[in-house]
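First, one chain by itself: the form predicted alone, in structure tokens.
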């Protein structure tokens, strides 16, 4: 199940067949939807093998010649193994290319902690000239594919294998970098989430009438986002709950804290996420099992929202 990956890559394949000067540079990763392209346009698919630093170097070289380039591989290797090249070859030079990473959070769980993608956005948030898209639905994947064809600066596209939702995406949402997935009649609590956690939170809110009546849900899909616009959405809440399948330190919750603090808005914020400072289990388990250990399963999220409502 790779709906978002396929939605993105199918748009890119179509663009190449339509005459766009796009190149895919890959590090030991392909996709079924690329098979025909590799036969018809072998020069447009450049494989560098298991060499993520070379991936970024080759992609950067092609971008310097004016090509539209996508550097494509599995997370976490794209960010963790090649950060120096991303920082110096891509961001510092403001190269208009795409860093496309497949995988997010506790996926794939079979290989343990070394393959978890928990700190990539935290690391890249401070990179100059880089826009991060944490893809939370198929429509957003399609939008980012179209944006790929007209870049003026680099973007990092983070695609979760299990994201298959479809939400409305307006021009205003794109401009702000977030969207309101649910607006409550009585706005008491604001839940701010990102990636697949937006769907998890949406399902939790839909499951109870008191949540539907009192809890807003905001999906932040872009870093940076429009800080003023987010403050306008949050300033009338009594409490904010941030939910992310990422490391807490420097992640979405930190970004919300920074945004509110800079605006002089003081609202209690509870952050739900992966606190690596308390350690990670040495045991192997499913994604759902890992989420439960950190209070990120649906039952735990519902309990935290319920408590926030009762604490008011």
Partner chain sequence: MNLDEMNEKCRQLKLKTLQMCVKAGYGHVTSAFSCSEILVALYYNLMNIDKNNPSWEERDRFVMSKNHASIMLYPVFEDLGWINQNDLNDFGQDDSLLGGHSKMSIVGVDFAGGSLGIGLGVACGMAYGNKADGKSLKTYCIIGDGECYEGSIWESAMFAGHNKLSNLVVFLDRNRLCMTAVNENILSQESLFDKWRAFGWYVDRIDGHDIAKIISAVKKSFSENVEGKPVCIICDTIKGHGVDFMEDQVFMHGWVPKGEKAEIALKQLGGAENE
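Numbering follows the first chain given and starts at 1. All of these numbers come straight from a predicted model, not from anything done at the bench.
Unshown form predicted in complex with the partner chain; subsequent notes refer to it.
- Checking 31, 280, 57, 269 for any heavy atom within 4.5 Å of the partner chain in the predicted complex turns up a single hit: 57.
- The partner is absent here; in the predicted complex, the one residue of 168, 84, 175, 203 having a heavy atom within 4.5 Å of the partner chain is 84.
- Partner contact region in the predicted complex: 88 to 96, out of 88 to 96, 154 to 162, 193 to 201, 129 to 137, criterion any non-hydrogen atom within 4.5 Å of the partner chain.
- With a 4.5 Å cutoff on heavy atoms, residue 48 counts as touching the partner chain in the predicted complex.
- The partner chain in the predicted complex comes within 4.5 Å of no heavy atom belonging to residue 263.
- Within 4.5 Å of any heavy atom of the partner chain in the predicted complex lies no heavy atom of residue 285.
- Using a 4.5 Å cutoff between non-hydrogen atoms, residue 67 counts as a contact of the partner chain in the predicted complex.
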